[in-house]
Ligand SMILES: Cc1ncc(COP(=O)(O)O)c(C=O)c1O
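Listed next as structure tokens is one chain, alone, in the form predicted alone.
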């Protein structure tokens, strides 16, 4: 951390990777020392279509040639914003027909919370234990990790938590709640996949009580789980959908999506009830429109086949206690945080980038590009298996 601070950067991690990036192409990050590292995490789910995708890069160049920022979001018609919205909404149900672009996933969460209060006239929110939604004030308020929340309390009032994927706990949702918010698949909790029955009962309970259902797909959306959006696996639709990370095709972009009849309430009482200067930036929107188009070209069966291959290979390794996966959204459990740290470092030193979860220290994450090849996956698994073998040998010698 001191190295970053000495360069004038407010980087907060205590354990930086200390890799100096030269450039990135496809599934690889190339370093200044001439080496390369296979990216198995896609910038924590941002570079879902790989690095420097030629179609995304071409759209960025074209938009930069046309114009950068011209006016705050909503004041001027801009082609890239229209195209990005149309490209996104084409994948979504008719009930989600208006998109509000912002700068990040956390901002999408904050916007969704405001919208829920505006629609319902209620103040309270129900969130999930194990949930992580970002680090802005509102997003942190509905995230459950106590150690991360405590230094900044008091946070947003009127937030309660119930266990994720617990049907009996849904009875706690009543008519006092503006919204219930959940990640469709929990990311930071270590890729926790709910049952379809639970999500369907959650949807029904929200219908009964008039609480809106906000689904956070900042990490698990935009193809990550093997479908365009994760809620498609479970046979439900949210009232508000929050997106970020991969939405921008590598550029900073978030969005919350809802019905037009709900979104129009942000324009009055008060005027400009929600406003952003840089949200929907034309360059980010140009990138997003291409990213959405690229999803149409994906071979979803191949993604599932490759994901299953990774899961089956890893679960057989000594030291791996569990693998949880939906599509290319993968967590690998080990016996301790020390084991995870050893494998992350061993893999990095041998040309493979895997990474930690903030709140699940005994697991590491895998989230490769949706365009990764069989050969690249096999290469990554080979490096990862070497790391796991090295940990097993170290553990055996220690015992």
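Residue numbers count along the first chain shown, from 1. Predicted model, so just to flag it, every value in this text is computed and none were measured.
Not pictured, yet referred to below: the form predicted together with the named molecule.
Partner contact region in the predicted complex: 101-109, out of 101-109, 167-175, 266-274, 317-325, criterion any non-hydrogen atom within 4.5 Å of the named molecule. Proximity to the named molecule in the predicted complex, taken as a non-hydrogen atom within 4.5 angstroms, holds for one residue of 134, 226, 194, 190, which is 134.
Among 257, 218, 179, 115, the residue placing a heavy atom within 4.5 Å of the named molecule in the predicted complex is 218.
Residue contact with the named molecule in the predicted complex: residue 245 places a heavy atom within 4.5 Å of it.
Residue 239 falls outside the set of residues with a heavy atom inside 4.5 Å of the named molecule in the predicted complex.
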